[in-house]
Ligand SMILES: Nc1ncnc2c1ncn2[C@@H]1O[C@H](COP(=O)(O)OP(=O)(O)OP(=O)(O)O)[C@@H](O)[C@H]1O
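There is one chain below, alone, in structure tokens, taken in the form predicted on its own.
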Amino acid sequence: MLFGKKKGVAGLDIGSSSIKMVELESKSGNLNLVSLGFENLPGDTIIDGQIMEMNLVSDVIQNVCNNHQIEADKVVTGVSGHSVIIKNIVLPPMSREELEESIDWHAEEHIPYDLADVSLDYQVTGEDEESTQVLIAACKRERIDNIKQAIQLAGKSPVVIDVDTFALQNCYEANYDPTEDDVVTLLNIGASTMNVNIVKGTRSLFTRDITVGGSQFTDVLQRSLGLNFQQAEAVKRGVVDAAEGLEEKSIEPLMNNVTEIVAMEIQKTFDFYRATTDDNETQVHKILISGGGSKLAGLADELSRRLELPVEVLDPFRKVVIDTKKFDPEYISEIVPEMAVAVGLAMRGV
């Protein structure tokens, strides 16, 4: 490969219902889209973040690469769910050396697992004369080993394991250039999990993973209206005549019931944050939604009405240069909501 094209690093988002990959490159100060791919996974392949069908997942990763000309041999991937613990902690003023020596001791107070069983990382998010603010993140080693094995079986090398919540934040920061006073809630609605991140400027104030997702809408439509999976998926996304003989008035109450659960969980997250902080002045200005669940017909408007906040779909390609001769604009537009975490992961590889 002495005269060959240098292979890049791709962002790989392994979700419970699909695999997403994105490769970016930096040119003249801009981010350019090099390649991207999306493939669905069969049901129950991944349960609560744990890969149950290892060979199947590795095969789908290979298919995404082969079908979408993704040549990167290294990947950045992410984790989320109950195996991941994220905490903002406040410590006395100390040097970086003192923090490095004492971080395990401080982390033990906040991590509900034996530290020998987790991978731990931290970052200083602020400091003044009275305190050092530190964000700590930990994930069970068995979960990391599980995801690394699937990637290696696909012939790829995992170079960074990130947290989905922070990958989404990276995507937001690069595309929206927030000011220090901008307070937004980033809401990634996957098939089985919602990642919530309250962000002020470029600082994460509070995160929470919630076991509610787009599959709950699909399940309730299947059970209540006797639809198959494909019909229910089409109905929830507002496809006209997705199933014969369905009346709009029978669909709306079912969708609203699940939307109410989603809105309640977001409101609970806001309440949790207020209950665990002395900051009474910070008010969320806007909610940006992403993930496959964000494509539900009317969801943004309904959440906005219930939470009394502006809600819009996050555009992960807002400031990414896309060659329309290489990528079909209609296809990009269709998969935009699903690609936000993958784009954020890919940014780590640029």
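Worth saying up front: this structure is predicted, and the values here are computed from it rather than measured. Residue indices: 1-based, along the sequence shown.
Beyond the structure shown, there is the form predicted together with this ligand, which is absent from this document and is the topic of what follows.
Shown alone here, S215 lies within 4.5 Å of this ligand in the predicted bound form, counting heavy atoms only.
Interface membership of G293, defined by any non-hydrogen atom within 4.5 Å of this ligand in the predicted bound form, is confirmed.
Contact annotation for D162: none of its heavy atoms lies within 4.5 Å of this ligand in the predicted bound form. Under a 4.5 angstroms non-hydrogen atom cutoff, this ligand in the predicted bound form has I189 among its neighbouring residues. Partner contacts here mean any heavy atom within 4.5 Å of this ligand in the predicted bound form, and among 294-302, 29-37, 62-70, 279-287 they occur only in 294-302. Highlighted residues T193, K236 and E338: every one comes within 4.5 Å of this ligand in the predicted bound form, counting any heavy atom. Scanning 15-42 for heavy atoms within 4.5 Å of this ligand in the predicted bound form gives G15, S16, S17, S18, K20 in sequence order.
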